[in-house]
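To begin, one chain is listed below as C-alpha cells, in the form predicted alone.
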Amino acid sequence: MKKTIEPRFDETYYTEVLDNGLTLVIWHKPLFTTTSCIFATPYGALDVSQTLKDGTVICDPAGIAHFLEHKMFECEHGDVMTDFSEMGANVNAFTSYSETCYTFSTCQKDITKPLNLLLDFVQKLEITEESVEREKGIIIQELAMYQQMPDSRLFNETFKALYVHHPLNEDIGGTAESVRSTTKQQLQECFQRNYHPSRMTLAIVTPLEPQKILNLVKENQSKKSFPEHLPLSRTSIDEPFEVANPHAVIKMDVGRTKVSLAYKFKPLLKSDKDRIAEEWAVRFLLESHFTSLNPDYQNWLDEGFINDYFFYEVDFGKDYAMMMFANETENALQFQTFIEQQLAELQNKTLSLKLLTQLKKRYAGQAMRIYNSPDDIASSIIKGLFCKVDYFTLIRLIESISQSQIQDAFQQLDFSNYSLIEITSKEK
C-alpha cells in the first residue's frame, strides 16, 4: 500500500489499486471508535447517456441510476438491510447527479462480516421481472412525495426551466414515465457497465489496522471474477445557451410564495482543478455580499427585500454552470430587480484583502472540521477522487485564491440567460 502523511493536518491514509482495478483508500484514525465505509461508482443521474470507447452511444431512461440503487439491496433471502442490522451496522445508500454510494458504519472491532456483505451485495445484482415491476410503484410514490415538497419542487422546476436537453432538467429519480419504461435488461446492462471494480472506489475510515483491512478486501475480491470492462464516458450534451423557460408559475399548497431566480452560464471548459477554483472564487464574492458579512444585509432583511428563507447556490459542473438565488416573497419581480441590482454592483466590486483572508479562514476551518467525522471523511475521499481534487488540494486551492482571481471570475459571467420560478398557492 502507498502510505500518505499530511503533517499539516496530522492525517494518514493508505491507497492501493487491486488486481481487478478496484481503488481502495484506508484512512487511519486510531483514536476513533467508529468505522465508516463507502463503496461508490461515478455513475449518477447525469449519466443517462454513455459513450463506449468504440463510439457506441447508449441511452437509458432518466432516473435509472437511482432505480438500480434501489434494486441492489434485493437478495435471494430478502433484504440486506436486515443483515447489516443483525451485525450491528447501519447501512444506507444514495444517488446524486454524479455518483451512487453504498455506505455502512459500525462501532464493532471486527468489521469482517459487514465489509464482506457490502462488497458482496454491491457486486452482485439479483433481480427478477416481477421485482422490477414491483419497485416501479415504490419509486413512483417516492417521486410523487418529493413533488409535494415545496423546497424540493423549487429546485426541480428551476433546473427544468434552465435546461433544454441536459439531464439536469429531470429529477434524480426520473419521472413516472421514465420509471415505468425501465426494464430489467437495462438495469442489468447499467450494472455491468458501471459497477465493474475498475470504475469503483472503496473508502474506509477506521481505527483498525490498515494492513488487516487490505487483507480482508483482497481475500473477498480474489474469490470473484469479472468480465472485461469496456471504458466509457458520459456522452457530451448539445445544450443551447438559452434557457428552456424564462418564467414559470407552479401552483402548490404553500402558505407563502417561494421564488428562485437562476442564471445559466456556458460550461467552463477547463481542468477540474481550475473549474473548482473558479467556482470558489465566485463563491467568495457571493459570500461577502449576500451574508451578514455585508453591513447592508440586515437592512435588506428589515426592508423586506429578503427574509430568513433567502439562500443562494453556485455550481460549475463539468458540462454545466449555474447560479441560483431563492427567497419567500409575494413580489417575484421586485426580488428579481433586487438581485439584478446586487449583481451589477458585484461586477465592479473588489473584495478587500482583510475580508478575503477572513473568508479563507472560515472555509478552511469548515473543511478541516470534516476530519472529526468518519462519515464526512469517507464522503470527501469519494468526492475528491471522482472530481480529481482531494480535500487537501481543495484547502490549499482555497487558500491560494487572489483578489484579482475573484474579480476576473465574476466579470466573465454572462447573466443574460435566466429563469424566474414561482411556487405559489393554489388559491391565488
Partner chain sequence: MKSEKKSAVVLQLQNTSKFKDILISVRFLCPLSRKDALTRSILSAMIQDRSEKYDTKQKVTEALDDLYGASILSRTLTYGKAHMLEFRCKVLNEKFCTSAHLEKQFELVHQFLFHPLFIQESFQEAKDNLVDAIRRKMDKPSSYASNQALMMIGKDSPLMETCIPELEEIEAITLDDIKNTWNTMMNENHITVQVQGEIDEDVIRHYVHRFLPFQSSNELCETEYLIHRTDVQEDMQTKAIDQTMLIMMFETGINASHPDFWKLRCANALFGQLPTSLLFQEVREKRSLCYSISSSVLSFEGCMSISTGVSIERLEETKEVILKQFERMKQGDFSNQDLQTAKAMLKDSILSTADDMNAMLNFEYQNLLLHQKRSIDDFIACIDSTQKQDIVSLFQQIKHRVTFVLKQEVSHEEDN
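The structure displayed is predicted, hence computed values, not measured ones. Residue numbers count along the first chain shown, from 1.
Note that the form predicted in complex with its partner chain isn't included here; everything after this is about it.
This chain is displayed alone, yet in the predicted complex one of 351, 346, 190, 254 has a heavy atom within 4.5 Å of its partner chain; that residue is 254. Residue 307 is the only one of 222, 307, 334, 215 with a heavy atom lying within 4.5 Å of its partner chain in the predicted complex. Although the partner is absent from this view, residue 231 stays clear of its partner chain in the predicted complex, with no non-hydrogen atom inside 4.5 angstroms. Residue 313 falls outside the set of residues with a heavy atom inside 4.5 Å of its partner chain in the predicted complex.
Interface residue remark: residue 106 is counted as part of the site for its partner chain in the predicted complex, having a heavy atom within 4.5 Å. Although the partner is absent from this view, residue 368 contacts its partner chain in the predicted complex, with a non-hydrogen atom inside 4.5 angstroms. In the predicted complex, every residue of the candidate spot (11, 86 and 175) has a heavy atom lying within 4.5 Å of its partner chain. Contact with its partner chain in the predicted complex, judged as any non-hydrogen atom within 4.5 angstroms, is confined among 334 to 342, 181 to 189, 143 to 151, 238 to 246 to 143 to 151. Contacts between 282 to 316 and its partner chain, taken as any heavy atom within 4.5 Å in the predicted complex, involve 292, 293, 295, 297, 298, 301, 302, 307, 308, 309.
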